[in-house]
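Here you get one chain, nothing else, as structure tokens; it is the form predicted alone.
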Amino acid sequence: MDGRVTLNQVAMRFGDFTAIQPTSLEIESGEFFSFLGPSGCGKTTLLNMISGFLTPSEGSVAIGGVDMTRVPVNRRPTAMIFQNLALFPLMSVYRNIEFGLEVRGIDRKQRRDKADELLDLVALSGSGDKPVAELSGGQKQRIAIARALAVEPRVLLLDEPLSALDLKLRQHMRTELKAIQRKTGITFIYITHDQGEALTMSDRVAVMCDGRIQQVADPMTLYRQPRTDFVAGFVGENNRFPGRVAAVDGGMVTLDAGLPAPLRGHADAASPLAPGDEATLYVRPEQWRVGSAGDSSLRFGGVVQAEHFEGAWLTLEIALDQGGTVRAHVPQALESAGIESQLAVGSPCRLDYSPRGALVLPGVERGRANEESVDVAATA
């Protein structure tokens, strides 16, 4: 089954408000693809255009190479799982899974055989006669998936389906969803504001802001090579250092950011820089090396202002001697080396980072595109 989804310059306007700027995108058949962004960025609007609940103000939507722009919801080869799951609480598990098949006129034996097959797929064999109201949150989630798969869609659309679950269950269901998608080979299109969900499950992720797709890439590329200020800040944490380019040598940029020592980082090949250009260097919290005040091998001095215990590491907020504050992750393993005790709140310290792990992007604030349209094929 061809589950390829193609958006060709689709836009969505509500009166004078443009929810989705003209955008082109292709999602491969059998791909686990996620739209990631804050509330109100337009990701659910895009999902509703793919499902047919909304008709684009302009542009077209195709599934499997067939134009679906004017095809109604019930005639599209898609199924949708909503945030509230929309299960029938007074019906049994069997009745919930079989509902779509019954509407299509499938006979009872075929419906039951299909339901049993899907219950086995979602690891709930033998639960068919249970009332849905008696199931746990994770079990209800799996039943919603089974019900959606019963009608054999080519594309499964998921609108923040894990948001109501507790942390441990969400983490478990990420693994379950990914395994189900791999077994079925169906195209999954997932909506979330949780970067952990998107990075853990997806083959590719589209990061959205203000109705625009900022960047499309695999999770590792998004994290290591963000293309805009918004992506750099939204996908993981980053410390920003605005300044001017002092030199460029073989892809490495030296930046004057007003600190005693120049900052260095690698530049994105798609964003060339030259001496004198405004630019921003980004250093993730885990890239800092933090040591005691007497460690002369580290270039920068500072004072620990706050510390936050986060299990495997401490997050330190460090005021640099030359102004500004950075956030750094210190592994708990350093406690055995006696370093952690020297990093108490109010203690002076030294810190540094590896230039190869830092990124330099043009401008001092990017991520708000000015173009009237964006073709994400150019940013993938």
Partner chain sequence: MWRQLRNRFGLPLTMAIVSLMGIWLIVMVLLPQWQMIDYSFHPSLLPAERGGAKDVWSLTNYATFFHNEIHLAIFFKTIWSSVLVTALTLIVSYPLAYYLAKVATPGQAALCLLLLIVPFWINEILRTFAWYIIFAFRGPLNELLFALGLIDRPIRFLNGDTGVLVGMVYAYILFMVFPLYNAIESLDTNQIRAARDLGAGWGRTHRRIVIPHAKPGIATGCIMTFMLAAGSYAVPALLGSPGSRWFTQIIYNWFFEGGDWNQGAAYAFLLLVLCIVFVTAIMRIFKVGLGDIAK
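Owing to the predicted nature of the structure, the values given are computational and were not obtained by experimental measurement. Residue numbers count along the first chain shown, from 1.
Omitted from view is the form predicted together with its partner chain, to which the following refers.
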For this session: Mark R104 yes when one of its heavy atoms lies within 4.5 Å of a heavy atom of its partner chain in the model of the complex, and no otherwise.
Result: yes
Exercise. Is there any non-hydrogen atom of A86 lying within 4.5 Å of its partner chain in the model of the complex?
Worked result: yes
Exercise. Quick one: is V235 in contact with its partner chain in the model of the complex, heavy atoms, 4.5 Å cut-off?
Worked result: no
For this session: Tell me, yes or no, whether G100 is in contact with its partner chain in the model of the complex, where a contact means a heavy atom of each within 4.5 Å.
Result: yes
For this session: State the residue from M80, A115, V245, M201 whose non-hydrogen atoms include one within 4.5 Å of its partner chain in the model of the complex.
Result: M80
For this session: Tell me, out of R95, R264, R154, R142, which residue has a non-hydrogen atom within 4.5 angstroms of its partner chain in the model of the complex.
Result: R95
Seminar exercise, completed: Of the candidate stretches 72 to 80, 275 to 283, 206 to 214, 163 to 171, the one with residues having heavy atoms within 4.5 Å of its partner chain in the model of the complex is 72 to 80
